[in-house]
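Take a look at this single chain in structure tokens; it is the form predicted alone.
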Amino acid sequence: MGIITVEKTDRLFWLGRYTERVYTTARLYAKSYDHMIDVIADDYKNFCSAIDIPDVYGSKEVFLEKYPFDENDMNSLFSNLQRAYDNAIELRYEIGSEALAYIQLCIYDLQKAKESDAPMLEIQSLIDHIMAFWGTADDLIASEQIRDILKTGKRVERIDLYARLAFPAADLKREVNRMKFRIAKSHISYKESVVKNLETLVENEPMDYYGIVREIENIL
């Protein structure tokens, strides 16, 4: 593999971010689905607050219908998955046909979930296919730099989401250490000062989650 262009680097980074965003938010949605179905109160608002998206739904019924599937909602699972797919199509040579196929399968999973009486089965299939995408990327992408850029995007997004979701300190420490390793190998231009600040923030108690979000958003 020759020199990776700036455009390809950006697409690889964001492919990593969007696939991780879909993976983590789909898992959270699946975990919360039954509870949101059963409760009378507008518990979906807690979900929106947890992942820091605006409540544009008005009711849990609208949320359950639109959040996974609405292409006009920029925060929906569908919209984030479509962004991942758009990047994957442009990177089909870099990531290979098998990795691309798993992103396509995720699209099909959401389409089936939209029409299903038991959408969580297809949502779980989507989660499994994202895991298969990452396994295929690890196994079949020959370029170490491409893998490192993808995984840098994945770790950056995971740190962002874990901080917004107030995950335990141990999880954030692990992800910052993984991200630090990947970004140093990726040849992406990044701010070393931000990495150092993140390392400090995840060691402090109480955890400054908003500070972590601010830093990770400015890492490039």
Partner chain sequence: MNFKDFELCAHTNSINELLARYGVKFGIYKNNTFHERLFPFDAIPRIIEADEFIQLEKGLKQRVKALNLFIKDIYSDKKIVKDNIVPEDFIFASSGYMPECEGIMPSKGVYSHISGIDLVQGKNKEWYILEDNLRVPSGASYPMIARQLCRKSSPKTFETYHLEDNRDYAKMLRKTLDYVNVEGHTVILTPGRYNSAYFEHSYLAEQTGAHLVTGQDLFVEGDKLYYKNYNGEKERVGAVYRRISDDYLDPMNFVADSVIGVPHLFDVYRKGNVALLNAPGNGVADDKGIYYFVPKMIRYYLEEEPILQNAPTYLPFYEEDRKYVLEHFDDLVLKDVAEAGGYGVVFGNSLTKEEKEKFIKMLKEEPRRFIAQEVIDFLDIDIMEKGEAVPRKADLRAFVLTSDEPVVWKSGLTRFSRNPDSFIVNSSQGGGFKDTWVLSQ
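Numbering follows the first chain given and starts at 1. Because the structure is predicted, anything quoted here is derived from the model rather than measured.
One more form of this protein should be noted, the form predicted in complex with its partner chain, which is absent from this view; the next part is about it.
- 89 is the sole member of 74, 142, 89, 121 with a non-hydrogen atom lying within 4.5 angstroms of its partner chain in the predicted complex.
- Proximity of 32, 47 and 125 to its partner chain in the predicted complex is absent: no residue of the three has a non-hydrogen atom within 4.5 angstroms.
- Though the partner is left out of this view, residue 214 does not reach within 4.5 Å of its partner chain in the predicted complex, counting heavy atoms only.
- The closest non-hydrogen atom of residue 218 lies beyond 4.5 Å of its partner chain in the predicted complex.
- When contacts are judged by a 4.5 Å heavy atom cut-off, residue 78 does not count as touching its partner chain in the predicted complex.
- Under a 4.5 angstroms non-hydrogen atom cutoff, its partner chain in the predicted complex lacks residue 134 among its neighbouring residues.
- Of the residues in 80-106, those that come within 4.5 Å of its partner chain in the predicted complex through at least one heavy atom are, in sequence order, 85, 86, 89, 90, 92, 93, 96, 97, 98, 101, 102, 104, 105.
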